[in-house]
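Look below for two forms of one protein chain, each set out as structure tokens: first structure 1, then structure 2.
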Structure 1
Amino acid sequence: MIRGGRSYVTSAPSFSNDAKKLLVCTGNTVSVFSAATGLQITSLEGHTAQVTTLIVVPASSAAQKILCYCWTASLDGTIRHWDFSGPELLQTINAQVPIYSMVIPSLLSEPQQTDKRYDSSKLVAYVSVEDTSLVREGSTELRGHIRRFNLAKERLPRGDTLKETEEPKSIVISPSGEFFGIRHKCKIHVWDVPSGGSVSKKMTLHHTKVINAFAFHPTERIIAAGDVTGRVLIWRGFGNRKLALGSQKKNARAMVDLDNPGVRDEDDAESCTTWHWHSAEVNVLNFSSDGAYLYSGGREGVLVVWQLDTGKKKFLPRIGSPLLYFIWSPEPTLSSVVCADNQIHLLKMPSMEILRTISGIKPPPSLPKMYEGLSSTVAFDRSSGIAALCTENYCVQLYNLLNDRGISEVQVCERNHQPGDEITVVVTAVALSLDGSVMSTTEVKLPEDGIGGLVSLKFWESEPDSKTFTLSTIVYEPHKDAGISAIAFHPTRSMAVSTSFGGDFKIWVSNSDKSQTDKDSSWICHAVGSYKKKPMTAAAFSGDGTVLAVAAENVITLWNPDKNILLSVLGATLTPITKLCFAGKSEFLVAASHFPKPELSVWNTSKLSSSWSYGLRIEAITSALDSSTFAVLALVPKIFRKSKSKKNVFRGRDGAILLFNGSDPKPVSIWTVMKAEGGSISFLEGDKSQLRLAYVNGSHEYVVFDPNSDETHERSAADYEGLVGEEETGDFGYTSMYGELPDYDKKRKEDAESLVTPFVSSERPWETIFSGSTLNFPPLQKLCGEFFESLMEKSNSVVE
């Protein structure tokens, strides 16, 4: 089983002492990457919930740079001490409450020993925790607590509470380890780190706007803060009165009556300066190691460098995503910036050149409500295990699911990142050919005030042995003014079909077969089809490509894609069809409908009749190429999830993957999953000896597993009795309108026995006309003629 797609940006990363490794919080684990290559080296596994804090034990001398120790804290309520060179877990401390943030001041203020068994009894941690007892009781009391813990014990007592807030807050510590603080609405609360058994003293700085981030100067009493309006505030000389010691207090009293420019509400600071360049909230603030420069960043995706004395600035623009963290390494020429699109950029300082990028799966785009549930934003290359995912900023990211690595990106529509921009273009669908060499995308430019609007269909082709796609063909308004509902590729040829809500579908072919060079290839329209002017909502090719199934609202039409001939029509479903997929060797056709009544139906293509159906809302369908196995991703009804008898089965999960075999309506296996809405599934068949199933959830996290392995069979289908309801076996098509046909064979047999004149039974080609693996149906005129001719008996003359 392979898990991936975790977020790299939930917490700040940290460099190793030699700056050769970068440690990143990734869900329940800590991933260790090489700073030279950007590849993952190892991981620290042991926490059972999200890791929220990562602290690398700093080296006090050059000889100690080989030390590879770190502390982690997690929502599972434990604090762990690691040797990440192994990796090896050295110590586990149970805090008994979820930890959202942690700092250990003595690691910064006192040199560490080289022996990994150094005395931890003197280590004191300040943690931001959540009082779970208040959460369980539904109390409105303050559940966020700042507490002081002594790490000498394996099971920590409650500890001293320094501050209570509505929710847990992130703790920021000064580089010298002398001060730490939190931001709370429009205030910054700062404590000093006491020596010996003294008590921490506290002071507060006030502002008129909500504060988003703040940082301490490495050597001086200076705090920088950024607010939601984009302003950067610099408080100088903070804590000279309230946090001063000994002789410092006497000097501070003499300064009380002095005018402190920019300081509000008698705050304990000498002055406050305001800078304003950012147009939106400031998320990132950090001083340089010498304190001469301040780095800030926010939603604009621009890193700004301020000269602290003069206020002059320079920029690293067009990073392409809002900034979340800026981290220095022990090596002054290396730093990292963390972006909201799940990317970590390693920067060469001071030029701020991006050396390399550690790429996770980018989050899904924000879609207007009218496109929710109708877009197909994930496609799979079955042979290589690569997924194409639509992301923010009109991009399609190519991601290797087997290696958990980003490969490349395709900018579907050119756009520079700007904060607060309204959505003007929506990438509604992405599709990959079976061999992964061709990609197709559809985009919609939304009209402004009812004016304008444009639908575009694009074909992209990749270089041999590469997943770098280049634009081959762009078609504007391929279906007049109507939107594109689906795209599907032919399994063996350079052919694709696009369906339209306007009532037609178009078959596209590449002229690369006729051209001598690939550079001259382009895609042209081969044929156009429609059925009673109904909206065409889904499409799929059969396994050998000889039949094209197109959903005309609530009926399924079967076509010959080469000759564009209508072969047959399957009976109507209850609601409009949104997804189609051939199963087995095209013996079955699986259809899914959403609203107003969701339905999953399986049709027998040889008998042109329904085999079975269930009342389930289906998010995705996939089928194996060389077997009759197919799988669906279903949303579990809320009523069923909340049932007392099923709570232990679903454990709060909202979806299920059901594995079926051919026409058998009983699922072979069922796996419950989280974040199923907007998810997708696909079989991966690059390794012929092993069939794998990939699931990508609505947040672009994924898992790849063997569906036939006993280890991945979470539960048998019997445990989910009632999930799919009772099988619907009602009449469909002709039978639902006119009733059952008479039994002609029985009637003819009775008539033959009652007559003296012998009859010779005629051939009935209509009984076997649909047999065969190619499903090459004859024209409707020939089919009807042979059908009625077979009903007319032919008699032989009797010679006396």
Structure 2
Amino acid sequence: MIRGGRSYVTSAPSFSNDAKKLLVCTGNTVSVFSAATGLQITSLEGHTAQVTTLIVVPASSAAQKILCYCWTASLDGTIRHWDFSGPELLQTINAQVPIYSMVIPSLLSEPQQTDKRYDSSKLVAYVSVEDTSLVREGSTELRGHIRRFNLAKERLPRGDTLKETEEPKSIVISPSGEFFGIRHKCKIHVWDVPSGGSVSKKMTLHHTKVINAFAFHPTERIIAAGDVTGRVLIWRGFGNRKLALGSQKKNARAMVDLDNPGVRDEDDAESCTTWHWHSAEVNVLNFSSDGAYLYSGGREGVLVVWQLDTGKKKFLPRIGSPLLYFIWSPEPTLSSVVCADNQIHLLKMPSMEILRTISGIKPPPSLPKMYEGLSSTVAFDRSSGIAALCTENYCVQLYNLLNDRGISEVQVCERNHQPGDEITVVVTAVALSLDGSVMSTTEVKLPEDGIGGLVSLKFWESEPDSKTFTLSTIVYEPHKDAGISAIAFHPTRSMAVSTSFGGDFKIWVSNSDKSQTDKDSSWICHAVGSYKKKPMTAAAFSGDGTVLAVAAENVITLWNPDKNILLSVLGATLTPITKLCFAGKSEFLVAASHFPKPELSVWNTSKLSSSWSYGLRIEAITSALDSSTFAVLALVPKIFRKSKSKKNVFRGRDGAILLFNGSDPKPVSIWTVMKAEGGSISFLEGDKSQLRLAYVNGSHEYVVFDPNSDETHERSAADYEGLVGEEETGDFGYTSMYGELPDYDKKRKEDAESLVTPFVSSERPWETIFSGSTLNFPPLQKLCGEFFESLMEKSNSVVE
């Protein structure tokens, strides 16, 4: 089993001391990437919940640059100390409460006595925790606590609380280690780090807007804060009165009477200036290591460099995604900017060139309402395990599911994406041919005031070796002004079909067969068909490619794709069909519809009749090439999921993958999954003739597993280790998200048969089934038929 698609951007990454490695929090693990190649080197595994903070122990001298120690804090309530060159876990401290943020000032402020630090009792950490003892529904208690921990002690005391807030806040520390602070609504609370055992002093800076980010100047007493409206405020000389050190006290007193321009109320700062360039909220603020520049970024995806003294600006525009973090490395020429689309860009510094990108799987695009559920934004290349995913910036990302790495990106429309702008161009569908050599995309330009709408269909072809696609053909308005509902590729030949809501479908063929030169290959329309002017909503080729099934709203029409002859019409379903799929090479055709009444039906194309149907809402269908196995991704109805007796079965999962075999209405296996809405599944048939099932969920996290294996999950993870290669290391990051039901093997199935029988005979099985001890439950697999039947009345098969 392979899990992947983890987010790289949940918390700030960190450079190692020699700037050759980049440590990234990826779910429950910390992944170490090489800054030179952008590939994963190793990962630190051990936390059982999301890692929230990552602190690399800084080196104070050149000799120490090879030291690779780091501290991590996680929501599982532990703080761990690692040697990430190993990787080796050195120390675990259990704080017992989820830690949202942690700073260790002494690492920064006392570089001269680093060696003694660990055994001294001075290693003090300030952590932001959630007091789980107070978590109750609707409680108004202040759950977020800022506490002081001494990491040097073996057993942790509860720690003294500095501040309580409604929510756990992230702590920001000054690069010198003198101050740390949190932002709280329109205020910034700043504490100084006491040198002795004294209690730290606190001061507050006020603003009129909610503050989104702030940063400390590395050497001077300057705080920069960014608010939701895009303003950047610079407080100079903060805390001269309240946080004054002994030697500075005299000066501070002298300044009390001075007029402090721009400073609100009685705040302790000399001056406050405001810079305004960002149009939306500021998410990123960071001073350069020498303090001469301030980096800021926000939702518009532009990194702005302010010269601190003059306020002059420099830009890195068109990043295309909201910025989340900006960090600089010990190497002055390298820094990194982290974007919301799961990309970490490494920048070459003075020129701000993007050197390299560590590319995670990109999140799904936000589509306008009218395209929700209609678009198919994920396509799979079955042989190589590559998924083509539509992304926000009008690209198709090619992502290798087997080794969890982005391969390339294909710019579908030549536009720059500006986050936050109104969506006017949408890539609605992507489809890959079976051999993965041809890709087809559709895009829609939404009209302004009814003018200028445009639908276009594009065919892309790839060279056999290269992993990227080049544009072969553009078809403007393939179905006049009607939108395209589906694209399907012929399994063996270069032929494709596109169906439209305008009531016709078109068969496209590539003329590359005829012409010798590859360069001239283009796709041309081979045939047009329609059935009673009904909107065509889905299409599929049969396994051998001789039959084309096109759904005309609620009937299925079967065509000969070569001669464009209507072969037959399958009886009507109740609701418009949205998805069609032939079950492998068998004569069974699977159709799904979901509005207004969801239905999954299986049709026998040789008898032209319906075999069986369920009232399930189906998100995706896939079928194996050779066998008649097919799998569907079904959304479990909400009412059913919420009912108390089944809560422990679903544990917050909203979907199920059901594996069927041919005409048998009883599923062979069932897995429940999370975030099934907008998800997609596909069989992958690799070179080892091994059947695997890939599931990509609504937020583009994925899992690849063998649907037939009875092995436990750890075993199969180990199996794939070799296949995946060095970079891939078993990803347990999502155990919390994709749990699996206990596996049911076929032997147990037979045994269970006798158990189930009494329940099946009962008229209302569900009333009895869950009463009694959970140990007596028959396997779900056996129950499924009855279970789903009880949810809906079985629709009568239509015989013509």
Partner chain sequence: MEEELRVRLNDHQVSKIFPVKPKSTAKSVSKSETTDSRYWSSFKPNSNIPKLVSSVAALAFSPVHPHSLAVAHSTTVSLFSSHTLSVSRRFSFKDVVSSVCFRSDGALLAASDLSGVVQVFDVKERMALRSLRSHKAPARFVKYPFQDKLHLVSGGDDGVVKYWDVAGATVISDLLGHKDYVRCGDCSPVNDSMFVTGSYDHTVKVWDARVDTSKCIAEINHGGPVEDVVYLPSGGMIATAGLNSVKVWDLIGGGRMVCSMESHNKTVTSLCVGRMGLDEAAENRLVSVSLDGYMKVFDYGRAKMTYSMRFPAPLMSVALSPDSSLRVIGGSNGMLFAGKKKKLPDAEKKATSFWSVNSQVEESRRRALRPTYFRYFQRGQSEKPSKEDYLVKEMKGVKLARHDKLLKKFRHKEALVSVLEEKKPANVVAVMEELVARRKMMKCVSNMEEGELGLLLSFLQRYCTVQRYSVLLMALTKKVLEMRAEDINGKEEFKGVLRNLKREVNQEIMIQQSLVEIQGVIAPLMRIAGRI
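Take the two forms, superpose them, and find the largest set of C-alpha atoms that agree within 1.5 Å; that set is the rigid core. Counting starts at 1 and follows the sequence of structure 1. Here the structure is a predicted model, which means the values were calculated and not measured.
Of the two forms shown, structure 2 is the one predicted together with its partner chain, while structure 1 is not. For Pro596, a C-alpha deviation below 2 angstroms is recorded between structures 1 and 2 after rigid-core alignment. When the rigid core is fitted, Gly452 shows a C-alpha shift of 2.7 Å between structures 1 and 2.
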